[in-house]
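Only one chain is given next, in structure tokens, and it is the form predicted alone.
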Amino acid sequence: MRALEPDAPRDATTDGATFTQLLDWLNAHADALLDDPGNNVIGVGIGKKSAGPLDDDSPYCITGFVEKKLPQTQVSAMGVASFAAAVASASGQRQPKALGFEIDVVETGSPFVAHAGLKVPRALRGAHGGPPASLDLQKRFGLLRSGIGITNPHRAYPKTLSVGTLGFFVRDDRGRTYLVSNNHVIADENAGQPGDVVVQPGTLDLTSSELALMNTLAKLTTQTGIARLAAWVDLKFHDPHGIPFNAVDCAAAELKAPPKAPARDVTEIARAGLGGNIVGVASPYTIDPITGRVAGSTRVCKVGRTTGWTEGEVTQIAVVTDVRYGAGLARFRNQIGIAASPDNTGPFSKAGDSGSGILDRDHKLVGLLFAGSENRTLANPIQPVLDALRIALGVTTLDVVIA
């Protein structure tokens, strides 16, 4: 799929008014665009016409996500609307040239899927997950930190093995410390129970000998438990009565190991993987109303269980899209879209990286990774994550643990 070029050039201004116009359009029309299966669009957000970083000099545009770009002739032969025609139709316009703003199409390579906490039958251990990252975050860590592999094994172990990523740590007004990850990593897509033991490493990362020695859930949690599930924000899935919106995919587990579990060192929990420290929380991405420039670092990095340290660029904000989970399809709004920077040898994230904290160039948290496709990553903005967890935990304050 590709955008049709209008007969006359569009205005290429990049001021704040253009961004506001696009945001208003998203709020009014994104649902209609996604709900029409004839559009073949899997997501829509605000990006740059260059499809590059959000802080480059090209104009803002409505960006459509499609699994694969196709020639216009093939699009027509399939009876699928081009993105330009789909946007025009959703806007109540007959022709794309009447829109009054720029559009672009980005190829994702696959649908957006909750970046699994990898879950596989025990018999397939070794066939999934790839080799260890160059910074091996798949082993057992005596010194806890962000970016390492974790999982909630309840209701699955030992038949199914799983793993996701520990994103970062927070502390409430009563001095209790929690690890933060995704609902689908440690709260089992709403099926978790308060008090479930979270283990490290994830069960998919245990050796055959370890699996044999810890052949029951009780033995596993006694040896590898590091925290207990404390709260999560329910995921809301498509149902016959409508399509509810989600803002976050997050959960928190209190650092409270089971009795007799080997002690873990928590003196350096502000560390990001094997690298530097998390130093704070970034301000939300905003657009200057006069210049139209984005405020905030769009150069980002993350440390995840599967791909380790990777670097990327924020290429879209205000993304509205459907994400596939094991329990169903969930619609998210106001998400961050990220692409790997040219310095990477692969994608920004893969399955098993779910739950990673996204850091800007100053090592401040900007988001929580939760989903992706072959070549794009989605993250919840960090402040809604913290606000939602504070409410779910029933605490007055909740602060990120920093160096």
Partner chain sequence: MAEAANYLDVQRALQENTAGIIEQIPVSALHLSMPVDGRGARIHASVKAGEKARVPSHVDVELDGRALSIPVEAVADYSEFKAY
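Residue numbers count along the first chain shown, from 1. Remember, predicted model here, so these are calculated numbers, not experimental data.
What comes next is about the form predicted in complex with the partner chain, which does not appear here.
Answer with yes or no whether R333 is in contact with the partner chain in the predicted bound form, where contact means some heavy atom within 4.5 Å.
Although the partner chain is absent here, R333 would touch it in the predicted bound form, with heavy atoms inside 4.5 Å.
Residue-level question: is L369 within 4.5 Å of the partner chain in the predicted bound form, judged on heavy atoms?
Taking the distances in the predicted bound form, the answer for L369 is yes, it comes within 4.5 Å of the partner chain.
Whether A261 contacts the partner chain in the predicted bound form should be assessed with a 4.5 Å heavy atom distance threshold; does it?
Looking in the predicted bound form, residue contacts with the partner chain do not include A261, since no heavy atom lies within 4.5 Å.
With a 4.5 Å heavy atom cut-off, would you call L255 a contact of the partner chain in the predicted bound form?
It does not: once the partner chain is placed as it appears in the predicted bound form, L255 has no heavy atom within 4.5 Å of it.
Based on heavy atom distances of 4.5 Å or less, which listed stretch (226 to 234, 82 to 90, 271 to 279, 317 to 325) is in contact with the partner chain in the predicted bound form?
Of the stretches listed, the one contacting the partner is 317 to 325.
Let me test this: is every residue among Y285, K350 and L378 within 4.5 Å of the partner chain in the predicted bound form, going by heavy atom positions?
Result yes, every residue of the spot touches the partner chain.
Looking at A191, L213, L329, V266, which is the one with a non-hydrogen atom within 4.5 Å of the partner chain in the predicted bound form?
Only one option qualifies, and that one is L329.
Among the candidate residues S297, Q95, T291, T207, which is the single one with a non-hydrogen atom no more than 4.5 Å from the partner chain in the predicted bound form?
Result of the distance check: T291.
Residues in 239 to 275 close to the partner chain in the predicted bound form, defined by a heavy atom within 4.5 Å, in order
The stretch touches the partner through F245 alone.
Are W25 and G312 closer or farther apart at the Cα level in the predicted bound form than shown, by 3 Å or more?
Between the C-alphas of G312 and W25, the gap narrows in the predicted bound form (3 Å or more compared with this form).
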